[in-house]
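Here we start with a single chain on its own, the form predicted on its own, put down as C-alpha cells.
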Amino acid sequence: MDFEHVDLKDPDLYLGGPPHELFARLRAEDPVHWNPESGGRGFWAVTKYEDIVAISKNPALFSSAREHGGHRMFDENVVGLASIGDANETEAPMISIDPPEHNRYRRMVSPGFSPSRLRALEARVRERVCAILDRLGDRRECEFVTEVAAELPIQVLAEFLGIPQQDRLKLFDWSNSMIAEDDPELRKSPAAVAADLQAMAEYSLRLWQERLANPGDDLVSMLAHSAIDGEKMSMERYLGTFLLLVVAGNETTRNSISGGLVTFAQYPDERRRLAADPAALSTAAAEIVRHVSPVMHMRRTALADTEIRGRKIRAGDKIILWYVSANRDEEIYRDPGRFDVTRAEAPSLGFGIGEHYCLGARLAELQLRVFFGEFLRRYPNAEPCGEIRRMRSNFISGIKHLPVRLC
C-alpha cells in the first residue's frame, strides 16, 4: 500500500470511525511510519502495542512535558490549550509533566481515586444510572448521547468535585470547548474558548477558596489540603488539574458509553452472553474501552537520537502513539477486530500505560459496569435507529449524535 498520501493528522479520516483497515496495513507494512505535516516538521506514527508500551515506560527518553510539546499532536507550549490561559503563565497539568515531578504531582491526586473511595461511590453511581434511565419512561426512542451517555459521567464528576448538579452543564460545555477544535459544528471561536478558559479558572478558584475555609470529602477539598513531603499543591498546578479532571472525567466515559451501545448492537450474541452471565461485566467494561478506544492517541517527544524498529529517530522528533491501532494489534489479541465480553488477554491501552496511566481508569470502568448492567437489563434490544454523527477529530473517537430505538 502506498502511504505517501495518507495523512493521519487529517480529522476527516475519522468521520466514519477510526480507519482500522489503514492501521492494520501500517502495523503490517510500516509500523513506525513517518507522517509529513503541513505547516510542521512531521511526526512518527507508532502503531504496534509493544512499541507503544516501551515508549510509554521510558519517559527519560520520550517526553510528555509541555516544554517539549506536551501530550497533544499540536505543541502545547505554543497553543496553550492544555493550561488555563497562556501556556507560560500557569504550571502544566499532570499529563504534561515528566518524572520525577510528575510522580510527586500524581501522589497528590491519586488518593481521590483510591479503591475504597470508588467502592463507596458505586451505590451512588447506580442511583444516578437508574435516575437517568427512569427519565426515559415509556419512550421507544431517545437521542442517546445528550439524554443518556453524557449525563452519567458529568453527574458523577460534579459529585466527585462536590459542586451543585445544576453546574454540571458548565463542566460539559467547558469540556467540549477544550477538545472540539477540529469539529466545525462544535468548535468555538478563539475568543469564546478564551472566555471559557477564564470562566473555568474563576469557577475553580472559587471552589479552592471555599474548600480551604470549609473542607469536605470531595476531590477539590482533597487537592486544596493535600501535601507531599510538606509541600502543598500550588494554585497554578491546581488550575491545570481541574481542567484535566473536567475533560478526562467526561470525554472518555461518555464516548465509551456511546461507542459501547453501538458495539453491543453490532454483536448481539455478546449482548446475550453478558445478559446470561452478569459477572462478565468486569471484563466487558475493559473490552468496551479496547474496542472503542475513546482516546485515539497520545504524543511523546524524543529527547535524544534513538531507534524504533530500525527507524532512526532524531532528538526533538514528535512521536504519536496510536492507542486505537495498538488495541487491535494481531500479535497481542486473538481476532482483535471482534468484540468479546470475556476477553482476558493483555490490558488495552485505552487509558494509556506506564507513568501516565489514567488515574480515573477504574472510575470510568465502574461507570461502564454499572451502566450497561442496568441499561441492558431494561433495554436488551436497544440499537441505533438513524444517522450516527461522529466528532471530527483525530484525538477523540467521539459520537455527538446517536438516535436509539430502546425496544
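One rule holds for the numbers: they count along the sequence shown, beginning at 1. Fair warning: this is a prediction, and the values are worked out from it, not measured in the lab.
Another form exists, predicted in complex with protoporphyrin IX containing FE (HEM); not displayed. Remarks below refer to it.
Colleague: Is every one of C142, L261 and R390 within 4.5 Å of protoporphyrin IX containing FE (HEM) in the predicted complex, counting heavy atoms?
Modeller: Negative, none of the three is within 4.5 Å.
Colleague: Counting non-hydrogen atoms within 4.5 angstroms of protoporphyrin IX containing FE (HEM) in the predicted complex, say which of I319, A158, A248, A92 makes the cut.
Modeller: Filtering the options by heavy-atom distance leaves A248.
Colleague: I need to confirm a contact call. Of V370, A364, A45, A382, which residue comes within 4.5 Å of protoporphyrin IX containing FE (HEM) in the predicted complex, counting heavy atoms only?
Modeller: Going through each option in turn, the one that passes is A364.
Colleague: Is A284 a contact residue for protoporphyrin IX containing FE (HEM) in the predicted complex, using a 4.5 Å heavy atom cut-off?
Modeller: A284: no, not in contact with protoporphyrin IX containing FE (HEM) in the predicted complex.
Colleague: For E355, is any heavy atom within 4.5 Å of protoporphyrin IX containing FE (HEM) in the predicted complex, or not?
Modeller: So E355 counts as contacting protoporphyrin IX containing FE (HEM).
Colleague: G112 near protoporphyrin IX containing FE (HEM) in the predicted complex, any heavy atom under 4.5 Å?
Modeller: So G112 does not count as contacting protoporphyrin IX containing FE (HEM).
Colleague: Is there a non-hydrogen atom of S325 within 4.5 angstroms of a non-hydrogen atom of protoporphyrin IX containing FE (HEM) in the predicted complex?
Modeller: No, S325 is distant from the partner.
Colleague: Go through 95-103, 273-281, 192-200, 131-139 and give me the stretch that gets within 4.5 Å of protoporphyrin IX containing FE (HEM) in the predicted complex, heavy atoms only.
Modeller: Heavy atoms within 4.5 Å of protoporphyrin IX containing FE (HEM) in the predicted complex occur in 95-103.
Colleague: If we check protoporphyrin IX containing FE (HEM) in the predicted complex, which of the residues in 280-305 reach within 4.5 angstroms of it by a non-hydrogen atom?
Modeller: Those in contact are V289, P294, V295, M298, R300.
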